[in-house]
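Subsequent text provides structure tokens for two forms of one protein chain, presented individually as structure 1 and structure 2.
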Structure 1
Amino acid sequence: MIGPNKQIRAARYGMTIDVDRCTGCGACMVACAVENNVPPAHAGATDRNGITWIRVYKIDNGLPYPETRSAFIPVMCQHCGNETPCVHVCPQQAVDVDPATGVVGEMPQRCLGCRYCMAACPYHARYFNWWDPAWPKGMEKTLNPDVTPRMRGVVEKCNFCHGRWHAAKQQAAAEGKPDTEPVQYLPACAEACPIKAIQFGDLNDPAGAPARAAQSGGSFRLLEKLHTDPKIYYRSKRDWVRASANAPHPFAGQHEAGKENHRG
């Protein structure tokens, strides 16, 4: 928590994702799972009860060949900044918005598994853990020591790789930098993207690449009509892609790219 008398320059961490560049390779999904200790899919996992903090949806313009065009939309927690739906419905205060970063955090130690937040999230970006985490023999040695595995019965979601943020804060402190300033770091998905379609940074920094991209032409957010102020901005020059983001049911009838890579 931030002390009431401590002056900080609050950050607003967010992303811009260039949909026109995304190839749907799934590298972001794999990197996210490895970084955040998401275990391999349980034998009983399906598209409805598996865990993946980020999904890449494949959408198309609905036209017959040869006018058919496709695009890939990575969707994770949108880190809503206005009347955050999941925060308001949680009876345990297991969800909060960090005033220093703008990141919507999840505290599994407090979660009682009621799943109200899943029902409230308009982006379907939360996942209930139906099974205790298990890894094939030997694979447990590859776990990230900076991220605690979650037990069954709790909800999980993207937190912009909070472990990396803590590591960046520690590094800044070791270098003597003031702890009142936001730190720079990259979540695993942004680092792993082979074509750098994902840019991450402080949206409050007008000189930063994410902020400039968010304000440029062709940028849009999912379900902007709900006024949840998502911190994930998408970019596309194609009108039909931008229109799909605000349809009554975004990506309805569409399918996910690379299911074999991230289901679980």
Structure 2
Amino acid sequence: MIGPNKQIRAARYGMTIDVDRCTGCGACMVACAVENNVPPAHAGATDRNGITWIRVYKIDNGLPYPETRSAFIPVMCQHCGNETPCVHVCPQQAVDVDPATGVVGEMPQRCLGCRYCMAACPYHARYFNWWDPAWPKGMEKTLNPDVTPRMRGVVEKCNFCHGRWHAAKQQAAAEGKPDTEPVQYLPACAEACPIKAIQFGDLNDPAGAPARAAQSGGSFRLLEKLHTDPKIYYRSKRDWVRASANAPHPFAGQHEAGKENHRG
């Protein structure tokens, strides 16, 4: 990738998600699917091969009823900053990190569908088009023109609503603003979250909401130990929620081995 040699201020777009506010309503998932032209489930799709660029996991503290306490963790592409696991494995440069925005971008049209990046991603934030995308008859009229629908056989994932970024840049150009400053925009999930649990912005901007939230107490990132430097920060006051972000088995020993979250 060619670094920018024009004098621009690089952005590092990121999010802070307040887990203590998330009600798990699913608005982010739906808004994301609407925004990014993700088709509804094909007959036969399951939670294992359906596509949703952002998936809300229900996690719990591992205690038996009635001590069980749950929380919701929306997981999308974490836009890793450091040796991004997926970028280095792609055999044909279909994945890159934009130095100007920090967004890990994936080009479905370049993708060959080898799925190596999916094996590389510890967050399961990448989805493969097992089927031809199919919308019920007539519903293709509601597709967002700013995002191209993907064909089958390619991998796709969250790109912080790049269509919106393009639109915001274009708007900035129309307003005569210089292109040296990062544009302000909101991805669909952040906009749709009714309780505003998702804060989005430039993490390089210390005054920005996500940067401040990320600095505050109770902030954590998923699998920080792997040193992937994700740009999605989470917040929770609950210790067990923070613990679950990193440990492979946060509650091993509290209940029978092999217990898994069945409704995640």
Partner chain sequence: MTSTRRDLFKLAGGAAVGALFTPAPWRLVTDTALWSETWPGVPRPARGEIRAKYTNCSLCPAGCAVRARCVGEQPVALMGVLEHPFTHGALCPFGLAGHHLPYHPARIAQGPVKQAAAAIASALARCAANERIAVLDLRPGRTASWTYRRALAQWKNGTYLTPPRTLGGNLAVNLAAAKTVLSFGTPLLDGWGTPGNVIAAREGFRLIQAETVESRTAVMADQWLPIRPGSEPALARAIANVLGNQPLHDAALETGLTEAQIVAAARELADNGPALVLDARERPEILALNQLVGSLGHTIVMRREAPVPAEWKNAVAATELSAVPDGSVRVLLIDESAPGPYLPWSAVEKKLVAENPVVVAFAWSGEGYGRHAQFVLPTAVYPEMVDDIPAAVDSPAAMFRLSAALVPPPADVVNPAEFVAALAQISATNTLRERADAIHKSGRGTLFTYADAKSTALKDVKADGFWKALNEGGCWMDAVPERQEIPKLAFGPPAATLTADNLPLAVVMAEAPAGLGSPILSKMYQESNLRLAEDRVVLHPTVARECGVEDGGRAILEAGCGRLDVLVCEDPGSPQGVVQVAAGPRTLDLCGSSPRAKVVRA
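All residue numbers here follow the sequence of structure 1, with the first residue given the number 1. Predicted model, so just to flag it, every value in this text is computed and none were measured. Each form is matched to the other, and the largest set of C-alpha atoms that superpose within 1.5 Å is called the rigid core.
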Mark the structure, either 1 or 2, that is the form predicted together with its partner chain. 2
Answer yes if the CA of Gly217 moves 2 Å or more between structures 1 and 2 after aligning the rigid core, and no otherwise. no
When only the core is superposed, Tyr65 shows a C-alpha shift between structures 1 and 2 in angstrom of 3.4
